[in-house]
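As structure tokens, one chain now follows by itself in the form predicted alone.
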């Protein structure tokens, strides 16, 4: 039985990855951040079958203790301040968690279990510049504090691999969604609104820039890619993306059409929600296809419909929360 340590285990990707690893017979330790109110996230946000660990990755000793307790063969660092907007309002915390936090985990692994394989959840936000397609060789020029912190961690993973001899990989993840996406994200706002309105609530959903462009994929596919990176004989960096661009309006169109509605009848915009957007970029996952045999299993339309279906179930009067 192989052992894996997953940080950020209660997040969207953490839950999907933990489910995948448990299904493959791993012993999985899931690290989650202790809550200030004293109510453990481990009781509500970690997948059944996973051993929960409360770890604040801004604390060096706590990270070392988690690594020593789990004694992992594989480590997946998914812990992050996940909001780009939040990253701008609290730059220090973003740098501390997304940058230095990732480095703490990497260093603890390298010092205590140097033969363990490491995967960092990097991000398309490390790229900037003009709109277009990005590969692993594209220039790193982040346009946000979130992207800058991710770029810092990304570079340290490359250095650990090239200089330190660690089996370390960066998963350069473009946008990816699922029903586990938190409700304040625009994708869940849309899918939940479509479900809610289909069930009889006529309150419109208020959004910002409907023309914002993203390369959206299916989250379970993306964590599968991370697992494949760790199984590959050598560590490397991989863009994980669909290579197809869609707008927020496209997301609305598919979501509302799935429940027999026209999105323009139920969506309003608020200029205060429109923010300076990052370049419209898509990812070229050719390297992952060639080296890992990875490719997306769901189309954009299938992703959106799956999210709406999940929200229909969750918002149904007959639904009982688990």
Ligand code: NAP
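No experiment lies behind these values; they were computed from the predicted model shown. Numbering follows the first chain given and starts at 1.
What comes next is about the form predicted in complex with the ligand, which is not displayed.
Contact annotation for residue 121: at least one heavy atom lies within 4.5 Å of the ligand in the predicted complex. Although the partner is absent here, residue 117 is not a contact residue: none of its heavy atoms lies within 4.5 angstroms of the ligand in the predicted complex. Proximity of residue 50 to the ligand in the predicted complex falls outside the 4.5 Å heavy atom cutoff. When the ligand is considered in the predicted complex, residue 311 lies well away from it, no heavy atom lying within 4.5 Å.
A single residue from the set 60, 262, 289, 35 has any heavy atom within 4.5 angstroms of the ligand in the predicted complex; that residue is 35. In terms of contact with the ligand in the predicted complex, the residue from 144, 209, 81, 138 that brings a heavy atom within 4.5 Å is 81. The stretch that touches the ligand in the predicted complex, counting heavy atoms within 4.5 Å, is 178-186, out of 198-206, 129-137, 230-238, 178-186. Residues from 295-316 do not approach the ligand in the predicted complex: none has a non-hydrogen atom within 4.5 Å of it.
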